[in-house]
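Below you will find one chain, with nothing else, as C-alpha cells; this is the form predicted alone, and questions on how it binds or moves follow later.
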Amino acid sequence: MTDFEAIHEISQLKYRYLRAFDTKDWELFQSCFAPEATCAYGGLDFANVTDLMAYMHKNVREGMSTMHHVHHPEIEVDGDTATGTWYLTDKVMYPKYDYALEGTAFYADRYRRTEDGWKITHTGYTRVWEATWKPSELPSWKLQ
C-alpha cells in the first residue's frame, strides 16, 4: 500500500468517526478505535474506549443535534502507524437544556493499521475558540 492509499483510508476513517458521532451510531463509532485507544477532548480525557463509550451513551442523548466537520488534513504515514492533524468546526444544539455551542479546534490523532484496516489509537483536540448561548435568548431561533 502506498502512503497515498493509506492517507485516503485514514481520511475515510476520520469521516466515518464523525458521521457515526453525529448520527449517534455508537456501534460504528466504537469500531473506529483500536482496543488500546485513548481520547482527550478539550479537558475530557478517556484512558480507554470503554470509558469513552460509557460517557457517550450517558451524555450524548436524543434531542442533542451535533455537526462535526474536519478539513485541511495533514497526515503522515510511517509504515503501519500514522499521525494526523485536522481542523475541526463543530456545533452542538440541545434545545431541551436551552444550550447551543459553536467552535473550532485542531484534532491531533494517531492511527495504527490493523487486519481490519486503519484504527484510531488516540484522538483529541485543542480548542481555538468556543461560543455558547441560550437559544431562548434569540427569539427567532428554532431548530428543525
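Remember, it's a predicted structure, so these values are computed and weren't measured experimentally. Note that residue numbering follows the sequence shown and begins at 1.
Below, we refer to the form predicted in complex with a further copy of the same chain, which is not included among the displayed structures.
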Give me the residue from Met93, Ala34, Val60, Leu52 that has a heavy atom within 4.5 Å of a further copy of the same chain in the predicted bound form. Met93
Contact check in the predicted bound form: Arg19, Tyr87 and Glu130 versus a further copy of the same chain, with a cutoff of 4.5 Å between any heavy atoms. Do all three pass? yes
Proximity to a further copy of the same chain in the predicted bound form (heavy atom, within 4.5 Å), stretch among 108-116, 38-46, 72-80, 52-60: 72-80
With the partner left out here, check for me: in the predicted bound form, does some heavy atom of Thr66 sit within 4.5 Å of a further copy of the same chain? yes
Going by a further copy of the same chain in the predicted bound form, which residues of 31-63 come within 4.5 Å of it through any heavy atom? none
